[in-house]
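Just one chain is shown here, as structure tokens, and it is the form predicted on its own.
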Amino acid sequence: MSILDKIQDLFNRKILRKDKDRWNYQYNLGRWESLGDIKELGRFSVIVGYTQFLKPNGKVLEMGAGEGYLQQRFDKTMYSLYYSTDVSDVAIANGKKHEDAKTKYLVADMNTYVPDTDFDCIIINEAIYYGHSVERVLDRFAPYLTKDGIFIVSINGDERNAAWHQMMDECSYPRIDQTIVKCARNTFYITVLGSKA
């Protein structure tokens, strides 16, 4: 790799922090394929379990889905509709092979996306960090949650996310349950929240 290629790679990995180009660059390189391996199965299994137990045959919206590895862990007979969304059009293009009549892959930025229906379960799986605060993200999507709908939020246990954990602890949405999942690579706090009264 030439020095110019190294500089370009560093720019693409470090400078393009939160925009679509950074994510597209990383998905094109296959940097997120590891989400499909066994080391993420514990986290995904808990999220799928909560969804299928609490909202069987429900309508599900997943924000920040990447290539759809979480959706691919679902029993499709256990949901009536699933929207798998991500800001990266490369990730969504890779996931589209899993679309069917009730499974849709959509390019969507969680800060601007306006759903065209309501959902029984809204999953924010390792994507809350790209909103401004926990409360603000939940408030933004609350109008698209059915009356008895739930949010499922996964936050990495890394100490760099301490502020996000504090925001989760202080949020005004009622906590239904929380599970801590220790996987081979990371520890995750998976929280189920109800809608505000």
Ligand SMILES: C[S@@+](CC[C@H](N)C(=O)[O-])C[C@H]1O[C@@H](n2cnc3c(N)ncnc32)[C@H](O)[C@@H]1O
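On a predicted model such as this, the values are computed, not experimentally measured, just so you know. Residue indices: 1-based, along the sequence shown.
Keep in mind the form predicted together with the named molecule is missing from the figure; the text below concerns it.
**Asked** Only one of 84-92, 97-105, 114-122, 71-79 gets a heavy atom within 4.5 Å of the named molecule in the predicted bound form; which is it?
**Response** Flagged stretch: 84-92.
**Message:** Although the partner isn't part of this model, could you tell me whether Phe151 comes within 4.5 Å of the named molecule in the predicted bound form, counting any heavy atom of the residue?
**Reply:** Taking the distances in the predicted bound form, the answer for Phe151 is no, it never comes within 4.5 Å of the named molecule.
**Message:** Whether Val48 contacts the named molecule in the predicted bound form should be assessed with a 4.5 Å heavy atom distance threshold; does it?
**Reply:** Heavy-atom contact with the named molecule at 4.5 Å: absent for Val48.
**Request:** Give a yes or no for Met168: in the predicted bound form, does one of its heavy atoms lie within 4.5 Å of a heavy atom belonging to the named molecule?
**Result:** The answer is no: Met168 has no heavy atom within 4.5 Å of the named molecule.
**4.5 angstroms heavy atom contact with the named molecule in the predicted bound form for Ala65** = Ala65 belongs to the contact set for the named molecule.
**Request:** Flag this candidate site as yes only if Leu35, Phe44 and Asp109 all have a heavy atom within 4.5 Å of the named molecule in the predicted bound form; otherwise mark no.
**Result:** Each of the three qualifies.
**Request:** Would you mind checking 122-140 for residues with a heavy atom within 4.5 Å of the named molecule in the predicted bound form?
**Result:** Heavy-atom contacts within 4.5 Å come from Asn125, Glu126, Ala127, Tyr130.
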